[in-house]
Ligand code: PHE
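One chain is shown next in structure tokens, namely the form predicted alone.
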């Protein structure tokens, strides 16, 4: 069809010199002029193809036309509403008048409703008693005649006023059409053969390139826009958390140790070796290698003693200590294992020891007096530390749980801290996230006492939701590290996935991090929290 139409345009131009109106063209296989808008759209595609080869030039002419709506088509077939109402009524004085209810049964609700008013207005019908009768014996259905004229010509000789009335009655719709005037171009030819787009080895070898016509490069054509990189919603919310911590004077802890020993992940935190969290059902253990290198011997002895026999004012768990359990390698179940490493190094000066790189461990090389405070006579130095990284738990995957997720953790170490300090700090921290309504509920954690679960009221969900866990680290954890007795440490943690899902209205965590998350969602997600 396209090649035949191209040939038709070129031959017509060759014979006539110009095509004044493309609506006069007889399209191949149709046998009638191309008067419809669809025909002109087809012709436009052919003209643009020839124009790109400079074989023709053309001018566009716009024209307004009208088409019938489904109701207009029905009027052409059955007559106007008013004519149908008139046709079912008896002549005045020659029959029983038709009441409105009977009229609806004869012509239908819509026709009766619309037709009565227009028939009265035209003087075609009148009332007789409680019913309706014909007022005249003959009518001219002007509306039907107008519809037939619009259907055949796209317009009306009666003028714009009548067309406007028909549009208002939704019997016709206005549409824009176009037609074209076509002239010869600088490369005009009656041959519609496409120019070559590539110079091939065969053309060079045979010399065919000398007589071939090549398509010109369009140096003004715009290339396909390249997509820039976009942060995942998790990373956007992570940056919000990170900025809040940095604004409050915290230093970021390193958390690159995904594999930890049972000692640092559990024992150093005063988690009993018989705790259910250490079972295979809850923790991923490493099969090769199975055991870790031993920790510092004296610290290991203090930790094992406080577990098995008690010390530092505690009776301990009074359960046999297992070196094998302590040396197992595992994927860390919380970033508190990394916090334990840093707290142990922070307590080094209190023990009168020097741990190489201890300060850099929790400041990333930047000496921050704002976050770490001034050193005391006993070597203790206050600290405010945070981390955001992945943890792993052997959980069944469902809409709200994955075996791998992110934990946001904060630690504040100073002298004389109280539970009231922790609650006050939590209120400020969550307010910076946009959460004003916060509640605290007593809870149990092996390594914090007292412990608090944190709940926040979310207006989008219209309910209180748990957003984190917190508490004050136990003396059984801190004093074996070497901290003075008056040093207290606040600790709290929350997930990164839950606030991200709430922020972006996601109800299935697998949609957030899985293959079902469209790239458009990642590119268009705003980098703002609550």
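Numbering follows the first chain given and starts at 1. Remember, it's a predicted structure, so these values are computed and weren't measured experimentally.
Omitted from view is the form predicted together with the named molecule, to which the following refers.
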Q.
Looking at 469, 65, 42, 36 here, can you tell me which has any non-hydrogen atom within 4.5 angstroms of the named molecule in the predicted bound form?
A. 469
Q: Would you mind picking the one in 104, 393, 381, 427 that has a heavy atom within 4.5 Å of the named molecule in the predicted bound form?
A: 393
Q | Location of the named molecule contact in the predicted bound form, chosen stretch of 47-55, 24-32, 500-508, 484-492 [non-hydrogen atom, 4.5 Å] | A | 484-492
Q.
Just checking whether residue 278 would be counted as a contact of the named molecule in the predicted bound form - the rule being heavy atoms within 4.5 angstroms.
A. no
Q. In the predicted bound form, does residue 409 have a heavy atom within 4.5 Å of the named molecule?
A. yes
Q: Flag residue 447 as yes or no: does it have a non-hydrogen atom within 4.5 angstroms of any non-hydrogen atom of the named molecule in the predicted bound form?
A: yes
Q. With a 4.5 Å heavy atom cut-off, would you call residue 345 a contact of the named molecule in the predicted bound form?
A. no
Q. Taking heavy atoms and a 4.5 Å limit, what residues of 314-343 are near the named molecule in the predicted bound form?
A. 334, 336
